[in-house]
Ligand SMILES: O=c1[nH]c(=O)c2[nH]c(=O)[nH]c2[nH]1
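Below you'll find only one chain, the form predicted on its own, shown as structure tokens.
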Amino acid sequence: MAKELEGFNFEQRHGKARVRVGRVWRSNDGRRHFMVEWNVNISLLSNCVAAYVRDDNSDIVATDTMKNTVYVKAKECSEQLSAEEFAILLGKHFTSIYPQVYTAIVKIVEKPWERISVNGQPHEHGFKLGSEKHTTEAIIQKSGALQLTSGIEGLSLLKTTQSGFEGFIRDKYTALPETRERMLATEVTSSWRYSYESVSSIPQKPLYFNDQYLNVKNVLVDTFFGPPVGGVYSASVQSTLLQMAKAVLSRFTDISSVQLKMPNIHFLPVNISSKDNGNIVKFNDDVYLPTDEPHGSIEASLSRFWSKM
């Protein structure tokens, strides 16, 4: 919320970034353990202009207090909960305890620790680090109004066929050949906005948002690859991205919008020849040079007509 200050519009916020917290819960018999590792970022929008203009810090919530609050609230959570629920819990705390704070923005990135199996049996307390990360952002107003977004980062996907790229603009700078047979690789970053508009309206089912995260991830992956036999053809990253976004909105009625970023990570055909020896390596859809830069950059968003993206 902008304020007029000496003839200017002035906006400010302050918070604590990269608060790392690990939390372990135990089953009733104490044998089976559950754990999360979260990286928490907090921003508070508050009426503390006096700190900027009069050296008066009396309305400031110290960022060290914010950090300590993360650990206190993690300790108080005796039951397992999702990153979304923890973000909302923190936001409710800051907007209800401090009269000066009118909005709290809490972002959490969950590190992907996954339970391991030994001889086909899930281990009681053993975990390994996975790849993609579960993200969330909760914006909570003092009134209880809510904007809740979840997402995924680092979802690496690759298929070795059923991809092509044809019919694009060709001019004097174009060297890329058209093809109906190429490898398609990307690292998906996606976020989706839930339609819940207040803290009181979110589902009360335990770990609901964890389940939704896994369900959305599965829909994204399944749409990218298609059926296990034969797959599905991709005419471009753009086409596949749209199909993935449409699949999410079609499947989940409580998601109002989805954003996707899908870089086109190139695997280049390897052809090696020399004047003396001719073809040393002749590409036959088999040997590639993996690259990570430069890469194509494709992103888009899709929302329902009533969505407040």
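Note that residue numbering follows the sequence shown and begins at 1. In this text the structure is predicted, and so the values were computed from the model without any measurement.
Quick note: we don't show the form predicted in complex with the ligand, though the next part is all about it.
Within 2.4 Å of any backbone or C-beta atom of the shown chain, none of the atoms of the ligand lands once it is superimposed from its position in the model of the complex; the pocket counts as open. Heavy atoms within 4.5 Å of the ligand in the model of the complex belong, among the stretches 209 to 217, 229 to 237, 81 to 89, 125 to 133, to residues of 229 to 237. When you look in the model of the complex, the only residue of 182, 93, 193, 107 with a non-hydrogen atom within 4.5 Å of the ligand is 182. Contact annotation: of the candidates 17, 298, 287, 21, the single residue with a non-hydrogen atom within 4.5 angstroms of the ligand in the model of the complex is 298. A residue is said to contact a partner when one of its heavy atoms sits within 4.5 Å of a partner heavy atom; residue 165 meets this definition for the ligand in the model of the complex. Contact annotation for residue 176: at least one heavy atom lies within 4.5 Å of the ligand in the model of the complex. The ligand is not shown here, but in the model of the complex it comes within 4.5 Å of a heavy atom of residue 264.
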